[in-house]
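Only one chain comes next, encoded as structure tokens, the form predicted alone.
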């Protein structure tokens, strides 16, 4: 509540971040896995003198540069832009907690970028041994960048001992860090194969196409086999409430969690029944279908990972509405609008319950809810009486465990109640106000 934040109409800030982040994750993991794919495939091609395979790898590296480094870098900047505007308090907290980790990650990222371009432009300029070494350097930089970011991302759900110690070591090596690293590495391997299916299935040489399609499908199958093993380990390390939310505590989240499993199975079975068993008949259209399934799987999985963190943005430290747990008592005593530095509450607002209620909604609720769009509050309270709305607000965290408690004063709660009721009953509220 220390900064103004960006109100994204209809879509909502969280959804905007999600769209950008899912696309970035789908490409960034390919960037890591494809580094391993290119290096191991080049070693294989040079040992066997397979010039056709080397030619394919050169063409695939062009696709890799355009997708991974161009789109990946742009979408990465997009994430920082979105989270900085939508949730500045959480972004600031992550920067300050992990300032040295971010600095280290940027070093690895620069190494990754430089090595990728040297590898790409070095096909006909470097000797084979040097070229392969550059590929290994790229892979090391890319995977170590993932290693650093993974520790920061998992901290948001499982801060572990950091809550008491405030040690960056405890924050980074948190309970879910290692299982998540296993899952994300396996995802990178699988996505390397998925993207390779696109370029391989477009090859004109039938013999080469068949060989590479079969080879790429094995990467998908290996990665998809490891993912559920790491996933079970990961689920065992997250907070009990987060696990319960995904297993029935919140029906929508449970459906998305089930969808993640189902779509993962579809990717595995489609790869097995298509490029692995019948590589000769595999077509580029089928490749895009499998990649689309992979994107959907990534999307629902990342959405669940974010959703189970509720009611927090950083577990046990900061609620989704940017109130730190250590500040709860202070906000309760002072009120939401007095605690929000950018509320700009004037005398007219204090005399108008609807205006005050709208401002309470903005600073207390709008980080997750829109009015009419995604997760819209107008539809959520449709048909509710004022007394029922007020009762819900008084017991938010008990009735809905994935929501933070209402922290406003009694006056603010009544103002919010009035405003929420007015969304679906504007005429009745106006008539009552004019009496």
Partner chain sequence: MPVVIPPPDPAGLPAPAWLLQILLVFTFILHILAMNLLVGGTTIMAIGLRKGKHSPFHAELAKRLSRALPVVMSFTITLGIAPLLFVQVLYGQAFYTASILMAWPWLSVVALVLLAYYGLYLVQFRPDWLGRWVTPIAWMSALFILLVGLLYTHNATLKLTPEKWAPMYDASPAGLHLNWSEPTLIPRYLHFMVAAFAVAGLGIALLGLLARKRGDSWGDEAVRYGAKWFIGATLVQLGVGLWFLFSLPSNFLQSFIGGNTVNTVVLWAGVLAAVLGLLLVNRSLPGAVLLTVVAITLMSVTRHSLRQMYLQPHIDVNTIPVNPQWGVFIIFAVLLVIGLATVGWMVWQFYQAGEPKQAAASQ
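Residue numbers count along the first chain shown, from 1. The shown structure was predicted, so the numbers you read here are calculated from the model rather than taken from an experiment.
Missing here is the form predicted together with its partner chain; even so, the following discussion is about that form.
For the three residues 66, 84 and 126, a heavy atom within 4.5 Å of its partner chain turns up in the model of the complex in every case. Among the residues 95, 292, 277, 255, the one placing a heavy atom within 4.5 Å of its partner chain in the model of the complex is 95.
Contact annotation: of the candidates 332, 233, 361, 117, the single residue with a non-hydrogen atom within 4.5 angstroms of its partner chain in the model of the complex is 117. Its partner chain is not shown here, but in the model of the complex it comes within 4.5 Å of a heavy atom of residue 130. Residue 288 falls outside the set of residues with a heavy atom inside 4.5 Å of its partner chain in the model of the complex. Though the partner is left out of this view, residue 168 does reach within 4.5 Å of its partner chain in the model of the complex, counting heavy atoms only.
Contact between residue 283 and its partner chain in the model of the complex is not found at the 4.5 Å heavy atom cutoff. Considering its partner chain in the model of the complex, the lone stretch of 236-244, 214-222, 130-138, 302-310 in range is 130-138 [heavy atom distance within 4.5 Å].
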